[in-house]
Each structure stands twice: as structure tokens, then as C-alpha cells.
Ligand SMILES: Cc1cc2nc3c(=O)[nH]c(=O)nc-3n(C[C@H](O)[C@H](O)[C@H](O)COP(=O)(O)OP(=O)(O)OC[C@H]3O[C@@H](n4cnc5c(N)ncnc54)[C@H](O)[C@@H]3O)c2cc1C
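Next comes just one chain, in C-alpha cells: the form predicted on its own.
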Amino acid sequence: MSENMSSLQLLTWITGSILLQLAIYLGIGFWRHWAEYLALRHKIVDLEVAVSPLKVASATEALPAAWAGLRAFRVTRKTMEDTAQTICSFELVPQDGQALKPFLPGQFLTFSLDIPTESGATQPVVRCYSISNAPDPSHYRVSIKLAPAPANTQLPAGRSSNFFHDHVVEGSLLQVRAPAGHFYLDRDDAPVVLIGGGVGITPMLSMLHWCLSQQPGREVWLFYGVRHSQELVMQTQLETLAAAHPNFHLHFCLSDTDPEALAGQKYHLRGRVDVALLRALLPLKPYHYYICGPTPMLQSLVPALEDWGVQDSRIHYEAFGPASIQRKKTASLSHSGASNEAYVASDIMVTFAKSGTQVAWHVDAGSLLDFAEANGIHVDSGCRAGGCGSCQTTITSGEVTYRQTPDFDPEPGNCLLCVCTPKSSLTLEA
């Protein structure tokens, strides 16, 4: 009996010794690796090296233009989309009967319009409108908000929107350029947050419908901000989609609505779309944010997302109308030199020949179109994304550089002010 106990004790002692040695070996190895890691961290800090997360390549590649120049489209359906009767959808089919190639959800169409004037003549006007349906080989759809004359001003009503609402009917023919634009949904499977303010909902609708049809498992949140429910576009359709797709989370954000009117409304929230709302509702995930709406909305929301910690590469936006959004990355650069004034000022002079204005260029001014408008110089514009050619301007002297490759090819000796900045001192026929 004692021999059996001695053998058992010996076996236990040997096993314990082996486990102890293994633990010591693993502990030493872990400590060495930990020490190397700490040393590397200190070296990175000492050298002021920024460690950035690995960038993932986009799953979306730019598509070539579906056709060159203008193509005739016939309006086959005209539908009022909101209770307030301010947003109307127009379905367009190609007159030649050929199938339409896919576009990128979020892109726009450019229309060349001949708008009647009071004298009985017509005036050529170029305007861009976002496509509001998912890619479909049979037709496009644009949803256009009527722009009345602003109250208490001398400004006229929107020429193109009033033309569409008052003169374009089912059967009308329109001249259209191919889908274009650099604001579109990435086709990977990352969770996405779509934010539309007012008529800024239109590209969001295209993105949403594409996701639900092509990526039904993708997590999609839609925050749609308006003043009151009468301004909501396609409310019933959106609610039906939300009920049918568990991965689609819908929220109508109504800024001027009485709280009592929201009782029993499943998808309605009171207030504006802001980061406080997003933080309260969104789980902690690496979302991509797509935002379209009026300039004040973007000016508050985009920097707030950056302050929240959302990576710059995950914030995508498009403004309706003039917009200059101060990005956090740009703002940090302005403090890297001796002074902010030293950063924004440059020795480049921009001369607007027709108006007789000469102004020193500021590198934080945005595009040349933004710069012209900030200095009181009117330039016709449409898409503000290099797609329509409305802001094409002759360069008398100097050179420009493009921030992105434009979809519209300017004529030799001309530039598109909305997507370029001066490379040298510049004289423009504006």
C-alpha cells in the first residue's frame, strides 16, 4: 500500500514539475514579447509616427459613362410624392428603346432644358437631379422639389424645378446626359447609415433600394429629417420596406412637429438628425455614413461625426446648393504652421476679369466656385461635382489643378470651377 502511494506521489510530483517548467517557459516568452511591444510603442511615440488602421480597398469601381453627349428620354409617369405637393417624381425611358446600363446608386442625371421665357423665346438651362431609384435597365426616376421664390426677397423661383412641375408631363421628351457623380454607395457589406435632409433623401432612396435588392443581409439605417410629416416623401413605401426587412432600421426625424402628434407613430422621432441621436440609437459598429442635405445640416453633422471619432474615410456627403464643410483633418493642418493666417494665405492671385475683381487665393477656400461665390461673383452652376459643365469658365492665363477627375470634359482653355483650384496665379473670364 505504501509503495502504491509513493508511486502516485512521485507521478504527481513529476507532472507538477513539468507543468511548472512549462508555465515558467511560457511566462518568460510572454514577457519578452511584451517588452518588445512596449519598446516599439515608445519608439513610435518618440518619432511621432502616426499609426493608422489598415485601409480596405473599396468594392466599388467607377463605371464608364453609359453614353456620350445627350440622349432623348420620354417621361412615362409623373407622380406627386408628398402630402405637401412639393416633390414630384418623373420616370424616364430612353426613346431609342435600348436597355440602360447600371449606374452607381447615389449618382445624378444632367438635363439640358429649353425653358420658356416671358418674351416667348426659350432659355437653355442645365440642371442635375439625383436618381431616386435603384439601377433598372428599363428606366430612371428623378424626384424634384418645387423651389418657390423665397419670401421677402427679390429672388426668383427655381427655373428648372418649376419647369418640371408646371410644363413637363407624361409624354414629354427630355435631353439627358449619362449618370455621373462621385457621391455613391460602396458595394461592400459594411453596415451603413444613410442620412437625408429634405430633398436630400433622393440619392438615399437609390442607395436604400439597391441595398435591399442586392444585399438584403446588409445592415442599413435611414435617418430622414424634415420639418413635419407632410414633407415626407414615399412615407408608406419606406414603412413597408422597414416592416419587410429586419436589417433595415427607419427613422423619420421631424423638427417642427408637436410631440403629441407623434403618439403611436412607430417610425417617427421629434427633433433633428444630430450626433446625440446617432449615439443613442446606433450600436457600436464601424458604419459608413452617407449624408445629403442642406448646407447647415452638413456643416453641423460632418464635424460632429469626426469629433465622435468616425474616421474621415467613412464619412461621405453631398450638399444641395453652395457648401463649404470644414473637415477636422483640414482644420488640424491650419494649426501645424506658425499661424493660421500663414497657412490660409498664399501668393496666388485670382483675377475675375468680367467683374474686375482680384483676390488673394486662400488654400482653405474649397473650390474655385466656392471662392468666387464667397467673393460675391456669380457663376452658373449645377451639380457642383464636375458632371454637368454648367460652371465651365475660360482661363485667360494661369493653370488649375483638379481635386477629382471630372465626368464632364471641358473645352480646351476652359476649366470646371466646382472641382478645381488654382495651381498658379490665374485670370478667369468670370
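Quantities reported herein were computed from a predicted structural model and do not represent experimental measurements. The first residue of the sequence shown is number 1, and the count goes up from there.
Although not depicted, the form predicted together with the ligand is the subject of the following passage.
*Asks:* Counting non-hydrogen atoms within 4.5 angstroms of the ligand in the predicted bound form, say which of Pro286, Gly271, Pro156, Pro216 makes the cut.
*Replies:* Going through each option in turn, the one that passes is Pro156.
*Asks:* Ok, Pro150, Pro116, Pro191, Pro102: which has a heavy atom sitting within 4.5 Å of the ligand in the predicted bound form?
*Replies:* Selected option: Pro150.
*Asks:* To test your reading of this chain, name the stretch in 354 to 362, 295 to 303, 121 to 129, 204 to 212 whose heavy atoms come within 4.5 Å of the ligand in the predicted bound form.
*Replies:* Only one stretch qualifies here: 121 to 129.
*Asks:* In the predicted bound form, does each of Ser160, Glu318 and Gly382 have a heavy atom within 4.5 Å of the ligand?
*Replies:* Yes.
*Asks:* Under a 4.5 Å heavy atom criterion, is Arg177 part of the interface with the ligand in the predicted bound form?
*Replies:* Contact with the ligand, no.
*Asks:* Phe108 versus the ligand, in the predicted bound form: is there a non-hydrogen atom within 4.5 Å?
*Replies:* Judged by the heavy-atom cut-off of 4.5 Å, Phe108 is in contact with the ligand in the predicted bound form.
*Asks:* Test of understanding: in the predicted bound form, would Ile291 fall inside 4.5 Å of the ligand by heavy atoms?
*Replies:* No, Ile291 stays farther than 4.5 Å from the ligand in the predicted bound form.
*Asks:* At the 4.5 Å heavy atom threshold, is Val233 in contact with the ligand in the predicted bound form?
*Replies:* Val233 lies outside the contact set for the ligand.
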